[in-house]
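Encoded as structure tokens, the following chain is the form predicted on its own, with no partner shown.
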């Protein structure tokens, strides 16, 4: 995958962004030429308490966030780090909501689309036992990147999965995996994936 791409992951206090549910950590991995070329990671303090269940899942505590930089500073840095680079996430419907919400607090919005490795893996790796990020990483023999449910480790796992999906497209279908194609493919019904890929020029 030669194109420059930004793979992101958020840890949050809940599922739906809003005044009482905010991002607590972001991890971003920049891919270029099929390799990780840069990373950004930071905890962020949005002044919202982390529920005990979420703290147990992520290991991110209220004490850790008290000393973290303010959310506005982190999101400005993250948005500047990404710029207009095409975006990728695993379960992008979740991460895109938080990206958009936190950018909106700064009066900013994203110009680019998100490709989703969850949707893509369902279409390209239907034989996998399930399509959770950790399962796919183990099933495909991809590198372990650190503790799951920490943003940078998950972003690196998603980046490695994206490279694996790109190899699958090239080797099995002879297709160069550009971001625009991935965004189209993830919307194709599973029953029509083979037809879509056979009609896609190499």
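Worth saying up front: this structure is predicted, and the values here are computed from it rather than measured. Positions refer to the first chain, counted from 1.
Although it is not shown, the form predicted together with the DNA is what the next lines describe.
Each of 53, 58 and 132 places at least one heavy atom within 4.5 Å of the DNA in the predicted complex. Contact check for residue 173: every heavy atom lies farther than 4.5 Å from the DNA in the predicted complex.
Using a 4.5 angstroms threshold between heavy atoms, residue 76 stays clear of the DNA in the predicted complex.
Residue contact check for residue 97: one or more of its heavy atoms lie within 4.5 Å of the DNA in the predicted complex. For the chain shown alone, residue 149 is a contact residue for the DNA in the predicted complex, at least one non-hydrogen atom being within 4.5 angstroms. Out of the listed residues 82, 113, 118, 125, 118 is the one that sits within 4.5 Å of the DNA in the predicted complex by at least one heavy atom.
Taking the DNA as it sits in the predicted complex, the stretch 16-30 comes within 4.5 angstroms of it through a non-hydrogen atom at just one residue, 16.
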